[in-house]
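Take a look at this single chain, the form predicted on its own, given in structure tokens.
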Amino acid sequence: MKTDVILAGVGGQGILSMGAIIGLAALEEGLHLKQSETHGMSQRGGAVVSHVRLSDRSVYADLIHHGQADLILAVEPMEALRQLPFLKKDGYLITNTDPFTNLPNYPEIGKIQEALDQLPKVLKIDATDLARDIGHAKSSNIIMLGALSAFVHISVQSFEKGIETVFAGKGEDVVEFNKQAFHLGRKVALTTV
């Protein structure tokens, strides 16, 4: 088993937290893991990307090459489009449909969606609206993580342990609403795909 995942978004959207949760969950499962991050200008809403490589065998390289990602998970549609060269021909794109318009020349969202709709395997989720619906607007990234969980060989229990570890310092309420968000995203993915 080997799964190469790219997480994409902008600063402040929780990409690094998502990577940490996946990493902790993978280690809980006894998997081998390599992770690399790039986050230039992340404090100002700049692009943030994390390469996460999971396997039941040793993983020797941190980075995923173009055309080799099994999954791209984007919490923002333009960042999904930006990472597409990394996706395998039969790879899956999971993307939030809500744009984070932090640029004055942000592309027209209709054109981005049109380009993403050309992919053979794409799951589009309005995670921002779902997060608002459950009363935790900041948990849209964990909803997306829940969707990703439907595509990787890591148990729900291990993801929950990762969520507990990453958010433990913020209190039990934060841990619990993030678990709720995770399960919502997983349910959406399992009922859509």
Partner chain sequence: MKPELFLGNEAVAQAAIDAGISGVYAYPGTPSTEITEYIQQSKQALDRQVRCNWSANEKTAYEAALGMSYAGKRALVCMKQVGLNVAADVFINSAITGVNGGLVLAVADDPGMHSSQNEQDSRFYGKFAMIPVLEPSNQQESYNMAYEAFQLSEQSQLPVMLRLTTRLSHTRSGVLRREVLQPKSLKLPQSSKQFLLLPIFARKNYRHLLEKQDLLQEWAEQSKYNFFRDGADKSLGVVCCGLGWNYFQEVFADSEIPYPRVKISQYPVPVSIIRKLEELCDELLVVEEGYPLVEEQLHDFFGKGKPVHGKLDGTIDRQGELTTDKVGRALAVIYDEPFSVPECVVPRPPSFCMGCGHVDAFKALDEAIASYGAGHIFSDIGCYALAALPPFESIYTCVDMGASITMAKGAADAGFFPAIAVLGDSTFAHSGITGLLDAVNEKTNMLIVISDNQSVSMTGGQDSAAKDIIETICVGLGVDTRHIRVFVPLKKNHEEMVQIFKEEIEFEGVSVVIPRRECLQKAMWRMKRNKTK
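Because the structure is a prediction, the values reported are computed rather than measured. Residue numbers count along the first chain shown, from 1.
There is another form of this protein, the form predicted together with the partner chain, and it is not shown here; the text below is about that form.
- Contact annotation: R132 falls outside 4.5 Å of the partner chain in the model of the complex, judged by heavy atom distances.
- Proximity of S158 to the partner chain in the model of the complex falls outside the 4.5 Å heavy atom cutoff.
- Proximity of D56 to the partner chain in the model of the complex falls outside the 4.5 Å heavy atom cutoff.
- In the model of the complex, at least one heavy atom of K34 sits within 4.5 Å of the partner chain.
- Taking a 4.5 Å heavy atom cutoff to the partner chain in the model of the complex, the contacting residues in 3 to 37 are V10, A20, G23, L24, L27, E28, L33, K34, Q35, S36, E37.
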